[in-house]
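Coming up is one lone chain in structure tokens, specifically the form predicted alone.
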Amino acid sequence: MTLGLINANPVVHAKKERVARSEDPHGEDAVDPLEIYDFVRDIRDPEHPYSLEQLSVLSEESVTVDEKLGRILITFTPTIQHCSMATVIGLCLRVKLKECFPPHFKVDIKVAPGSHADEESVNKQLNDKERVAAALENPNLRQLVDECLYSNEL
């Protein structure tokens, strides 16, 4: 995947140490933003052999949870404004979260305001169930998502 890189020289940051947490003070069913971040931070970037955390696409602050409304919001920042992989990154986040969090939570995935040239279109694609389902039916796209999620190269 090294041919035609959109961002050939991304800034790579050090990985943060994982914080060991004791029992959840809010009860068994509570959803902790740091728990969500820990679960998604190692997703590999579709274009580079680095994690979304290492490229500062995600940070601890990019995950918010509203227990009362049953909503999880992840806001990510592509490395460049015209990133063509933004939708793939969003699909990776959605698939990964679907695996581990209760289905009664609504998950919204968005690019950070002003971080992508086609922000509105990307956000619409990532939060439309039919579009997400159709994208994941594409075998090539599904393979790319799976490679990002289950790569042991990091």
Partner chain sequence: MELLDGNLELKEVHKLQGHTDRVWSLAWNPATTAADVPAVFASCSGDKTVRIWEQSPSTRSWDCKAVLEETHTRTVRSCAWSPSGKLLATASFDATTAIWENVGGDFECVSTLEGHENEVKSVCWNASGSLLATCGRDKTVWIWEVMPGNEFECLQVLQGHTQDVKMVQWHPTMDILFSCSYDNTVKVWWSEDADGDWSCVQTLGESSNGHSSTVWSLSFNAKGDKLVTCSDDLTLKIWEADIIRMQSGDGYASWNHLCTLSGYHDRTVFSVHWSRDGIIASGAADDAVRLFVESKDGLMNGPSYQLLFKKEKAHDMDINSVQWCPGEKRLLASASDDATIKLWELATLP
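If you're wondering where the values come from, they're calculated on a predicted model, not measured in any experiment. Numbering follows the first chain given and starts at 1.
Here the subject shifts to the form predicted in complex with the partner chain, a form of this protein not shown in this document.
- Across the options 60-68, 47-55, 120-128, 34-42, residues that bring heavy atoms within 4.5 Å of the partner chain in the predicted complex belong to 120-128.
- The partner chain in the predicted complex is approached by A134, whose closest heavy atom lies within 4.5 angstroms of it.
- Although the partner is absent here, P113 is not a contact residue: none of its heavy atoms lies within 4.5 angstroms of the partner chain in the predicted complex.
- Proximity of V107 to the partner chain in the predicted complex: non-hydrogen atoms within 4.5 Å are present.
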